[in-house]
Ligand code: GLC
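To begin, one chain is listed below as structure tokens, in the form predicted alone.
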């Protein structure tokens, strides 16, 4: 099967979160399963310099964007047999300091930037000599592709366009813009209705994708159920209930080429489930790196996170205030809301021997935190899939998670199964409930034999993409069946 993937970020070229990891890993998994995957993504600043082996393609974009035309170029890089990445070069849109915003302020022209990316994707789907059997788009930034392909089928007599599949990574981010932004799509007004891209008078890119894609997936079974409820539906729950038969929840896999403590180049010492001694070395090395007192006897907790309300930052700060009167250390890596950034840096100043805060993005440090920590905290208000809890399992950092979305699907609490327990769950969204979970972790830490059992179970809990990719192939078949039925009806 030929699969054309489209995403606004793809690891290792660009990344703000799990979207980049997932698309990269899915492309690899498809290729290694004998399929051919090609990925479309922007050529952001610095990518060409970091990957000089990429090549310019003899291809030129000249596409309408409202009442003007925008030009672009195409670059490609063959990652491995069966996997090619296409980069859309448009310096005015993508040669910027960041992907989506600067100083926590979104770029004013984000609608135009990602409508252009969607149009480039649709153009490639139609005109590449290599013809995709399915076009798989991700999140709001490419969610207009299904509508664009449908319009080309209707108005330009494209007889048999490929079916489309949309993956919703986080329903909270929908790409909502003023109504005037719809003109940039150059779609007829019949697409800007209650049954289309219109949402309370505004353009909603993700809603358009949910309406017009042939297949829908999201990144965990529980989240697929949650987003059909008013609590988690962010105003689209009615639409998602209507399309529930086309909606599949597929738990993300982990790219163990990238995340494996046995051969992780970022670590001070490799280790594995049968040879755990290296984890203690990694703990001492991280304590030294972030300026915490070195010692194996103190439990080390960690969090790597975007600092936003969704991630449970508010209850974590409050719980830490309560728990730092005990013997424990905590290290944070992340950035986001300036208020939360100040909250963690202030905590580190007040408790310099217990708290280290690194307000930035650092891939290597993220790996070292996973390897060094005894416990990893993810207290999310909601979490579509989550990857860090899966990384922490592999690295023997016992996850402490709120039972929501993919966190609930991937972590097993002692109260659920005493023989398979690999983490600690709490249910109520409150600082009190999180503090209680941390106290359970401290009790567990005082029982080295039981802690080692948890670590070994955690490290044996694997989420292989070889299994996950089969679920996506089923989703593609369902999308193709839906397209066929639509054509016949």
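Residue numbers count along the first chain shown, from 1. A quick note: this is a predicted structure, and the numbers were derived from the prediction, not measured.
FYI, the form predicted together with this ligand isn't displayed, but the following is about it.
- In the predicted bound form, this ligand sits within 4.5 Å of a heavy atom of residue 170.
- The closest heavy atom approach of residue 306 to this ligand in the predicted bound form falls within 4.5 Å.
- This ligand in the predicted bound form is not approached by residue 478, whose heavy atoms all lie more than 4.5 angstroms from it.
- Using a 4.5 angstroms threshold between heavy atoms, residue 22 counts as touching this ligand in the predicted bound form.
- From the list 183-191, 385-393, 270-278, 294-302, the contact stretch for this ligand in the predicted bound form under a 4.5 Å heavy atom rule is 385-393.
- Checking 117, 203, 219, 135 against this ligand in the predicted bound form, a heavy atom within 4.5 Å turns up for just one residue: 219.
- Only one of 329, 141, 252, 121 comes within 4.5 Å of this ligand in the predicted bound form through a heavy atom, and that residue is 252.
- Of all the residues from 303-326, those having a non-hydrogen atom no more than 4.5 Å from this ligand in the predicted bound form are 306, 310, 311.
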